[in-house]
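We give structure tokens for two forms of one protein chain below, kept apart as structure 1 and structure 2.
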Structure 1
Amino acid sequence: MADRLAAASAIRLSNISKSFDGVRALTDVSIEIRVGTVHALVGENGAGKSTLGKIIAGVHQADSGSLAFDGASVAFASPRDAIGHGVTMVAQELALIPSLSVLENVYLGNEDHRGPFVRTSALRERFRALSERTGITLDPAATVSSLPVADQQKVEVLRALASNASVIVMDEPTARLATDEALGLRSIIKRLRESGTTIVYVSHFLEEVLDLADDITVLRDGELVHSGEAAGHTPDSLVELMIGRALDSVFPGKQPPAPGAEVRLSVAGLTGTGFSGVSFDVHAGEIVAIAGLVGSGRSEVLRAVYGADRSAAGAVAVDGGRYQRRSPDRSVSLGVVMLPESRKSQGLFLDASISDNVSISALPQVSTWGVVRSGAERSLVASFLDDVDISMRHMGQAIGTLSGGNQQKALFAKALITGPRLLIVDEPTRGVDVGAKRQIYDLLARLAAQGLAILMVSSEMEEVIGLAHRVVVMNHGQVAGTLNHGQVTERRIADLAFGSAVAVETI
């Protein structure tokens, strides 16, 4: 064992410290990442995982400490420099060029494709081979901006793989993927490991971490808490290392809406691209989840209800009133707010301050990025930020400087500050750490108990089961069945989602 470590140490990080504007993100972190292993980085939101990953991949430079690669000391001045040494990164925030094609994004900036004379036919051929090798199939000619976020995430992964790097830092690569796609990525990672690639893997999905990782490093508040072999760890033991205490049951008790609660949202025969004939109601005080496999039409239904996408047929009613020509603006004025799936492309203005991002939806009359004007507005924003327990230095901080999970919490505050009557949430806890998940679950349950109607999509089965009063299960764009309070089990959801016969009789 000792021999292997000594002979094959890929990356040794020694006494790494890094501050941003005087705030410590990492303090004196020393770890060793073995060649050909999956090395997981775990920790709460803001613990320093992305910062460490970015230092390994040359995106950030450490203030002090050193990096040795294969025994030799290195200092990467830029991501390009790191790629030159065989190190690349799949970033937590998508960094694609939306107006370019999948093919262009995958090969852009990869070393052997520089210069103006890249032959598209040669690239197509390479892309085809890459698809075959990874099992990730995408239309190479599709414009990235036209793709769903899950597919954009796959483009990021392909781009990293196309560079043939020997070390790949993956920062929450499955945060935007549905369960089956995440499983697909896991097998790709295992194959990469077999072929000798070293993967530094950041994830909040602890089961995933335990399935993949050979070694695990736990960070807390920028400091190293633990680094060692994964064997012997459990989700609970990791949580304890991450937050310094055990976490009790994750879900708040369910309080179904009172019988006779008014129907807040009624959807009848809704039909659009990717779904048809979808009908369901959401009552005041009720949490309804739409479950189903990727491509089953879940997110498309949310977007059509909200008015982000057009639908071809069917009726939507809010509070009993027909709501036909739907648009995000009109939804907001009806008290219908949606928390989108991707914070970067749909939700946040990364260079603007936290307070401006949050208050923009509360103050529709503010059309420019002014400062929040009155003290009352400021304290309103502060109280909502407090509700989601955001960890920040001050409200004037650019929202892009928050850790990924804290950006997600800011999105929540932004949705809630409008005082919605119906909250539509797509993957509400993506990228959020275990402790903060618990807070978001509590918050959703509390809001429902106060009478808010909540419609959500989640790929996390336990979230659906733990939170929803009712589950609408979709299969191939249609409602396969609805499970009422007391009927919701993983087995029944899976049966309906996969379309097996067993399920139908349980309804």
Structure 2
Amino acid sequence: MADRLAAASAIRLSNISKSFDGVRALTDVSIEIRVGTVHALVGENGAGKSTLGKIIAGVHQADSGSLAFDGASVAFASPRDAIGHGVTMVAQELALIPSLSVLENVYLGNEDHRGPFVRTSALRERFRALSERTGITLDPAATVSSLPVADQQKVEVLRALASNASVIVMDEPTARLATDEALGLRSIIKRLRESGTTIVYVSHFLEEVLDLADDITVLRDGELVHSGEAAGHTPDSLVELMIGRALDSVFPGKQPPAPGAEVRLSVAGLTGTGFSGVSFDVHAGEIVAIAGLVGSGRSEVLRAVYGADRSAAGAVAVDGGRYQRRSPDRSVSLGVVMLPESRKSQGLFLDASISDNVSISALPQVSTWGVVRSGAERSLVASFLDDVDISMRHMGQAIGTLSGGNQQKALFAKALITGPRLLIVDEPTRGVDVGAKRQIYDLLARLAAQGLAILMVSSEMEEVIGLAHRVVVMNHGQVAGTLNHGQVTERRIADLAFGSAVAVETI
């Protein structure tokens, strides 16, 4: 690494400013990115880190300031222009063509031709050589839509390298990946760095940043706060730079459920697509997390309990009463509500207002004969928006204009407005920055302390350990073990998830 740390500058950004519709996203930002390093851009949602990455990759053009590569000034008019200079981007939202094969996606627009015909055999040879060089192994004939998200992310990386990119901007590349998948991508990034590729890494996962980065730039409200070597930084020091104050701790203290707390949810022998024989209980005032690798059946169990998917066998009881013929509507009527894994595709209407998104769960409370009483709606929604502490201009603005953290908090308000007794949450802080994460953690802890039963799935090991009173660990669709308070450790969860330990019985 010493040679890399002494390397000449690859990219110099000087006094970069950028606005969108009159809102300043970046103000006078100057940084230097060294060749053959991983340079992380961190900050809260809305800090400008993705905007800066997109300016480097030609997706956006700066309003003022300059960009230089190896001492020569450049001005990218488009991503294609940037690719011509060896710069490409792996965006947070994957830009693949699902119906095409891995091979076709990797070399799209960069094919070998003989006359009007693509030389598929030549592409296969190029793909084989690329796989050997990077260590990324995929079936070139596989259709992209058939791949898990982690493998689709690998296709994006291969496509970037197939364009002979020497600089890759990665915008939240692990936001949609489980812990084991994220570790695999980290290994790939380290190999790319060793081969001399420069990585501009945008992420809100601070442990990940500290594991990968040679240098870190911290942005706050579009302004440069710090830029320098990663050595010596800790998650706490980065958080303090990002938000301008120290966090007392990452997670709130756990308040155990009251002795003899009633069982709000009882699941016995539940079987469905991707899981079988699953049993567990959730008590009032308790947070129970379901952990396991991607594909272990975690989210499928949540959806079956809620009634979003059908189950083939087993029993579910809510507040002691057997719950058959489950459906989302019936669940809500019984006080069971669910926050889905993807707020954008499953939870929110992004073009609708904040108020409409939240109140849609409580229309009977704010309408008469099918007509919404606007005053009642505003009053009810405002109280729940205050409760989850959303930062917004006004409740009439489109919810898609909010940061990821505020969108997620609005999703909580939408759920809580129904007055639930059991809250089911799939990935409670996915795509949320560190400041908003702490607010959501505080909210979950407060709700549990008030007696709400919470069942959650999280791919972040720290989140599971920091929040849950009990952890149900799944392996290949079955419960490998249940860890009670005092038993929950990263090692025990990992052992059960990977099938390397004897199941721990509930005590």
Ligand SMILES: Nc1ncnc2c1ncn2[C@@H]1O[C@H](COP(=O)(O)OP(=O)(O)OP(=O)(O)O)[C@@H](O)[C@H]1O
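From a predicted model like this one, the values you see are computed outputs, not experimental measurements. Numbers given to residues start at 1 and step along the sequence of structure 1. If you superpose the two forms and keep the largest set of C-alpha atoms that fall within 1.5 Å, you have the rigid core.
- Between the two displayed forms of this chain, it is structure 2 that matches the form predicted alone.
- Fitting the two forms on the rigid core leaves the C-alpha of R421 displaced by under 2 angstroms between structure 1 and structure 2.
- H469 shows a C-alpha shift below 2 Å between structure 1 and structure 2 [criterion: core-superposed Cα displacement of 2 Å].
- When two forms of a protein are overlaid on their rigid core, residues whose CA moves 2 Å or more are considered shifted, and I493 is not one of them between structure 1 and structure 2.
- The shift recorded for the CA atom of G53 between structure 1 and structure 2 is 5.5 Å, with superposition on the rigid core.
- When the rigid core is fitted, L103 shows a C-alpha shift of 10.3 Å between structure 1 and structure 2.
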